[in-house]
Every structure is written in C-alpha cells, then in structure tokens.
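One chain follows as structure tokens, the form predicted alone.
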C-alpha cells in the first residue's frame, strides 16, 4: 500500500530518502522553508560573471564510499577536483594541511621525512601525556610555533573561543603529512558536479511520486496529514525551542568581484587573529574545467548563531550536549517521525556521510513497512 510521506527539508537528506521511497511506490511530499532546493549545498550560476557559485560556502565532494560515489554520479557527472588549500600567516603563504613543504618553508629547512618527524618531536610539548583540549593536542604534536601560525588564530575566529576550551578531537581531523602531498583530503573519490549540486538534487527529486513545495513551513500540527515524517530541520525547532536553543556557529559572507584571477586557488585561509575573516573563497576555481575571466569571491566571517541566522556548525560542547540529550528524550516520545541530517541530529556531517545515512535510513524504513516493526526516531547514535 502506498503511504504518504513528508520530507521536511529539500537538502540531501530529504532528497535521497524521498527518492528511495518514491521508487518503492510511496507518495512523497518534499517541503522547504527556503525558495530553493539543495539546502546549504545550493549552487547557482552568477548572472554577471557566469561563475558557478556555492551560495552557502564551498562544498567539495570526497568519499571512500563506493556506493555513495556511484549514487551521486547517477544523477550528475562528477569531474575531478582536488582541494588544495593555502593559508596566509605572518606575511607568507603556505600549503595546508601541514606537510613536508610547509614545515621546510616555515622553518627554513630542507628536512627529509624522517628528519622532519624528529624535528617536530623536538618542538612538541612532551609533558602533555593525554591531550584533552585542542590547544594541548596541537602543542603536543606540532609545537607552539606551528600551532600559533596555523591553528590558534584561525580556531579562535572560527569557534569564537580559545582553543583551550575546545576538545582535542577537533584537531585530530587535521593531519600532519611528512611528504609533499598537498591534497586536503585522503579519500579515494573526489570531485565536483559538472553542473552544480542544485542540478544534481533537482534530478534526484525528479520522480512522478515526488511533489516539491518551496517557501513552505510545517510543524507538529501537520503530523496527522502524513503516515511518516522525515525531519531534517533543527531538532530543537521541531519542539519550538521549549527547552532552549542549541548552539551553532554561523557564517557571514562578504562578496567582492575581480576582473582576473585574485588569489590563484579556491580557498585561502587567514591564520592571523588580526585578520577578521577566516578565509577567502574564489569560486571559479571550484570549476577548473570552465574558463571564466571574471571572478566571484567571498570573505567568510564566523560568529555566534542567532535565531534569525542560518545554523552551520553545531558547537556540541558540554552544555549543548546536555541540552541535546533532553531534546532526544522528547523526540523518542514522538510517533511516525525520524530525525535526519545535520540539523535533525545536531552533528556536523560531510555530504557523503549525509547521503550514506539517508540511504540507510530509507532502507530501514522500507524494511520496517514489511515487518510491521516500529521505525526508530533516530537511525543512528546522535550523542
């Protein structure tokens, strides 16, 4: 029997789950409060320059998940793209992540890999046995010089607090390489959709059993109209923030155009604390197969998220996780709803993980319909 299912949010979670349910014969309604699909990975062609712009900041697809890679290429051709990030620090430009070239350039050395390992170990604070904070992790493994040049100022701007207040796990995602590889990601599959992410999501949603409604808000009062809801909005928003707001960082974008090539790369970080923005992104470099003379750039500023802002990065410190646990208790009392995606589960998710979880969630829901069991409110462990 065909069921009537609602996807709240027309981003990757809603689109992928909706497509799977539609292909299984169910009726799917996808709604979004914004006037476009694709969520924060929305892309659009700039009228003045013809540059493909990542409206909510750059999204670079990278994964080791072969099924996810095949899935996105089913709907859009992904062309090769390697993210090679640069950073301006103390009046010089370096490659990130920290690699052998970065180390040699910064210290004026010509170290070989084994020599560089020993050299950094001599710079490290060996008195820190079990790093608990971001700052301790950096001091233990790269030393004060590299920490202050590449991590301290950038992190303070990005998170709005001292690195001594952040968990060590954040820095564990930023490896040091003892070779000259400046590819920011390690993953087997890396690329960009030839015609942008919005074109891809549009094709995912292109199914006879899917109806899309933009500029549309729904809430708990609308639940009775549907057999099941997949909610990718803020979990605290579903409950009208009755316990308080979960903390996020948001971004402000300051656009400027340039007649030519402004910085020679897609992403330039700014590590110095006296530079107010965290990075500049030059969007024509995200589509290197296109030849665009003019350029569209954005300075990014990070700050605390208010009620009227778009939430980007969940803070997930002790206070936020405590509040999240309370919202999880409320969510588990709900029926016929599953919380999905970055906002629904209050977790930072890369695009490939979002798609993987959406595929798994859809398969779980379809299997539940066969067995008559109860669909879990969360398809994954949220805390």
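Positions refer to the first chain, counted from 1. Worth saying up front: this structure is predicted, and the values here are computed from it rather than measured.
Keep in mind that the form predicted in complex with a small molecule is missing from the display, and what follows is about it.
The partner is absent here; in the model of the complex, the one residue of 38, 324, 28, 51 having a heavy atom within 4.5 Å of the small molecule is 38. Contact between residue 319 and the small molecule in the model of the complex is not found at the 4.5 Å heavy atom cutoff. At a distance threshold of 4.5 angstroms between non-hydrogen atoms, residue 279 is in contact with the small molecule in the model of the complex.
The small molecule is not drawn, but in the model of the complex it has no heavy atom within 4.5 Å of residue 193. With a 4.5 Å cutoff on heavy atoms, residue 11 counts as touching the small molecule in the model of the complex. For the small molecule in the model of the complex, the listed stretch (330-338, 43-51, 29-37, 64-72) containing residues with heavy atoms inside 4.5 Å is 29-37.
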